[in-house]
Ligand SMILES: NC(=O)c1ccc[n+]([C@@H]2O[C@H](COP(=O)([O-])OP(=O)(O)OC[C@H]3O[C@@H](n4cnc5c(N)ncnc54)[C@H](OP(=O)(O)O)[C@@H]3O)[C@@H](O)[C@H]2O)c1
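A single chain comes next, written as structure tokens; it is the form predicted on its own.
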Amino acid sequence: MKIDNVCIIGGSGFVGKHIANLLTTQEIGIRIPTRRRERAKELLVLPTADVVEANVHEDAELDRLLVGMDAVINLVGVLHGDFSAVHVELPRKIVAACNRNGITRLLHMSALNAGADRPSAYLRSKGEGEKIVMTTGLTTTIFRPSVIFGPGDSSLSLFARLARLPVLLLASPDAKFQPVFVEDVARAFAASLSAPHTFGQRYDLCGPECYSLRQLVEYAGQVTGHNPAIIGLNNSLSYLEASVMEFLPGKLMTRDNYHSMKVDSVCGCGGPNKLAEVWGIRPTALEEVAPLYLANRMPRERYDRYRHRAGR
């Protein structure tokens, strides 16, 4: 299957920007919808990118976006809000638009542990979205990452900000994660576009090591020169804190986030890794990259060095 043009829905987001950069270096034409074009300025300079203002929840807009495309990548997701509209109805609309426009190749971003029997609405909606995508007759590949880290992330960067507090009441301190580097995720997407062995497959994506939430916050603090007193909360107090924070500006945590963390976001700590097995990608360790951007020491040349190491 030859892929020359790809529509990246959610391409102006954290992961999407990395995928867009990678595909444009391969001279693949990319179309990236965004609600406000001026907020995607860094994508406008990509030589093969067409950044288009559009509402991807509208069928007519999707049809306009998919004209001339060979494949679609769907990266849209939210951690709180209307999970059904974003994780269920939007994939359904994208699948229908692909069928209307003769597009058979679809790559879809889900989440590790997504499924109908999961304790959180987030994971259940992600599971329903997977089911829609996998049962359409399209040539699909689904990616299920653990928490994704890298410059511009919303995980470790948040932990670094929280670590500035002298005392931190930490909900669900023992929740487990296996963070995966955003560039590794982008490479897996790009390498799968035309690869027949990935057709119809579902891949869990994780980094090389597992950490508890407490360990991640402590690490972010150490890197940025902070050492807060971390008080881990039990289940009852964790749920109470989530209930309160859910109604505060920014929604740093919600009750649904609490329920999501009841399922460890790991693939198998220290064991075989799909990134290496399927794509020959050596999973990047957190400690290789995080100190540079968490400590605000990420000049362009260092970032380019990481891109070169990743084969970019």
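Numbering starts at 1 and follows the sequence shown. On a predicted model such as this, the values are computed, not experimentally measured, just so you know.
Below, we refer to the form predicted together with the ligand, which is not included among the displayed structures.
- You can rule out all but one of 93-101, 194-202, 107-115, 230-238: in the predicted complex, only 107-115 has residues with a heavy atom within 4.5 Å of the ligand.
- Taken together, the three residues L170, H226 and V289 lack any non-hydrogen atom within 4.5 angstroms of the ligand in the predicted complex.
- None of the heavy atoms of R64 is located within 4.5 Å of the ligand in the predicted complex.
- Among heavy atoms of F14, some come within 4.5 Å of the ligand in the predicted complex.
- In the predicted complex, none of the heavy atoms of G207 sits within 4.5 Å of a heavy atom of the ligand.
- None of the heavy atoms of L162 is located within 4.5 Å of the ligand in the predicted complex.
- Among the residues K262, R282, H57, K251, the one placing a heavy atom within 4.5 Å of the ligand in the predicted complex is H57.
- Between the options L75, I142, I132, A175, the residue in contact with the ligand in the predicted complex by a heavy atom within 4.5 angstroms is L75.
- Taking a 4.5 Å heavy atom cutoff to the ligand in the predicted complex, the contacting residues in 113-151 are Y122, K126, P145, S146, V147, I148.
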